[in-house]
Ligand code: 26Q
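We begin with a single chain expressed as structure tokens, specifically the form predicted alone.
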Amino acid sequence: METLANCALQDTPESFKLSITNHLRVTLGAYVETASENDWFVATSLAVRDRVMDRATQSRTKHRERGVRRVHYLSLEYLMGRLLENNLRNSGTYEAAKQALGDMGKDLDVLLQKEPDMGLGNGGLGRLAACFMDSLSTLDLPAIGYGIHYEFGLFRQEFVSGKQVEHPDAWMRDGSPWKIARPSYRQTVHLYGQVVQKFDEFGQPHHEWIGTKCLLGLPWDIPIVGYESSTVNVLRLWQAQADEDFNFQVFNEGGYVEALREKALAETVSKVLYPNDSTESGKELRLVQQYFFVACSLADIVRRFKNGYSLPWSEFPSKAAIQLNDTHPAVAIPELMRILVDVERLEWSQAWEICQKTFSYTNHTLLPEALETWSTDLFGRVLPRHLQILFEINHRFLNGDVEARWPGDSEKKRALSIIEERGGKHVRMAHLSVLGGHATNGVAALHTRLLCERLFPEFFELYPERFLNLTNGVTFRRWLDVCNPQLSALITESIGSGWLKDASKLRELDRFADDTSFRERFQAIKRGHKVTLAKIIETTCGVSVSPDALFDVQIKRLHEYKRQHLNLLHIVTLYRKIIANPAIDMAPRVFIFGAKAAPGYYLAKNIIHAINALAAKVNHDPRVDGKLKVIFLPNYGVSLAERIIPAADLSEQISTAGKEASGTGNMKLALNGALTIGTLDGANVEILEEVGDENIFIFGLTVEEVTELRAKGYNPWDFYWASEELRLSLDWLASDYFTGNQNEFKPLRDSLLDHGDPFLVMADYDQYAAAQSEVDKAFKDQPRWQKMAIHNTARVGKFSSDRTILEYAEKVWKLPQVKI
């Protein structure tokens, strides 16, 4: 017999009409006849959420009843984008909702555009976490994601006179229909204070952390819907609050601002994603943020263990796996030790064994300067007890396993120590993450090899069994089915719908590469997306571009190692060639950039300005005659990526070999039929293996050649003088031609010549330009290009996040699949 809830929440158009109407009238207090488009979006989202949360309750109940092990994914970022369409398609209710709205005179496609992107992440790290949460639910794996409920995202980007200007990203201004407050699970977090030693009635010493300041963590849950799965896991985000609303006595005495001061300071902790840490106060806020969300999350995990089971602490790892997504949540290791030793009074060695069995760590960077460290002064001021615990962990480690393996070897101890002593004492969070867990993984085969050989060679020598590779992936539902439904439909018509759950089935598309009819339909879909993107470009940038041109795309965080400035120099070269020879035989090309630079990263912002200054000249120069356009779309994010990726012809993945951990944009673009031009870096190596060298454009120094060049003594001036094309392009860019100020791009020029060109732009330029010539030749042969594009879509099934997550579940988490 069906329950009333099940009757009311059927996945039929009639049931959806009833739900939407009820939410308009009862939840929003709006008249159906006069409700705004935003009201309709919210009501539709709530109708979907009703159905999703019913499944979430069933999932949670089943997991509790079976006493399953869960993975708890700790990440400072979740780049979710919009959720309505994704949740409709994953839950199998898209057509019912679309018909219901159509019957009510509303267009679902219009309502989908009303949703803002969630401001919970920045780049690949956060989007990977979002893809992983999708796959965990799809694969019926018990999981909870933990993060911070940011009121403001990274920032909203605007260009003023070609320069990046940052504005608050107020994504929460109108609320979000997907969030559900869980005040009964609120947690208290302690900070600052001091540590004292006390003795119990048996004369045994223990530590107490006293005189602390307190924050409250209010959890908000976002349901994560699996594709063709009844499992709905949750993403739990913590919002910081003061432990008291305000000082009522001071308020009554007229000190209105002062009375609310503590409340405002507390709320600052979850106010903004990645506050600028170029100042000491910024660093302190970042550390407080990280500990705040970790402490709340661990308290929540411990609460669930203690309330749900009558088990000894030795069984904690059998119920809870905790994945550290990079080092941001690494302070969870000393926090769990504090709970076990100080609160639960476990013996140290038992507590440490529990920690190591519980935690695992994903490394996301090979850049030594990007490996997180904290000064012991700052760390000890904010978390005095945790610093003591870190020193104890380090002491036992160096005088235990390290001394046993390398007796008296002070250099090994210095290399392995959690505390870096040179240039002042600092806590190495990556070292802590490797030591405090049972598994450390890289995110591409090359990245993992370099991780073992160069970043953590001593740890790898000591604990080789702890290191493994788990190549990243993306969810094909979001990055093909949702953002490119036309291509998704063509694929399903051709090979069936099984590829949405088993991406390896895409390989069946290979046989269609020689089918003229299929190629034409494939190309027509691509052109349709290019027409759509051209309209967005014209509306946003005021520049008209041809959908028949080659759309050359570089969309990713602006960083020197990703080498947007290598792309820039080549565009300058093409511009010179065109105006020198207006009859030049080249395929018209539109270079499309999307990227944000960190507010304090001045050279990255200088590169953005240079690209925009070049664009301003190129796009309005009649001598170019449509052969070349340069577009920098502002405020790049998930929703904009969903418009750019299906329209891309060429994917720029041109980082210096050995610098990119994996890349996931390269996977999304190849999946949608874009050809890659790239170095043998990150996951490019594996993409090459999958698609074949005839379907990709590889150039540049390899990791070994980079090492050899640096060992010999790299001098960028040698490459500057050896290549006239490079020399003239760089000199022209650094002149007063593009801005009227010859010093405007001096920082960029100086970095490439006088400051050593740290990412070898000059060394790779000639090979890059040659590879771009091959791209031009291939694009002119459209049948060949179309075949190459189809082979890319067909052969990248390996890069599904479902495959990645299954490997984590099997090799790291030992996690069962639990059908609901």
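Please read all numbers here as calculations on a predicted model, not as lab measurements. Residue numbers run from 1 along the displayed sequence.
Below: the form predicted in complex with this ligand, not depicted.
The shortest heavy atom separation between residue 715 and this ligand in the model of the complex exceeds 4.5 Å. Proximity of residue 364 to this ligand in the model of the complex falls within the 4.5 Å heavy atom cutoff. Mapping the unseen interface onto this chain, residue 664 counts among the residues with a heavy atom inside 4.5 Å of this ligand in the model of the complex. When contacts are judged by a 4.5 Å heavy atom cut-off, residue 169 does not count as touching this ligand in the model of the complex. Screening 308-316, 275-283, 724-732, 493-501 for residues having heavy atoms within 4.5 Å of this ligand in the model of the complex returns a single hit, 275-283.
Residue-level contacts in the model of the complex: of 656, 739, 122, 93, one residue has a heavy atom within 4.5 Å of this ligand, and it is 122. Taking 75, 440, 472, 672 one by one, only a single residue has any non-hydrogen atom within 4.5 Å of this ligand in the model of the complex, and it is 472. Proximity of 117, 481 and 644 to this ligand in the model of the complex is absent: no residue of the three has a non-hydrogen atom within 4.5 angstroms. Contacts between 306-339 and this ligand, taken as any heavy atom within 4.5 Å in the model of the complex, involve only 328. Cα-Cα spacing of residue 278 to residue 429 is reduced in the model of the complex versus the present form (difference of at least 3 Å). Note on residue 562 and residue 280: their C-alpha atoms are nearer in the model of the complex, a change of at least 3 Å from this conformation.
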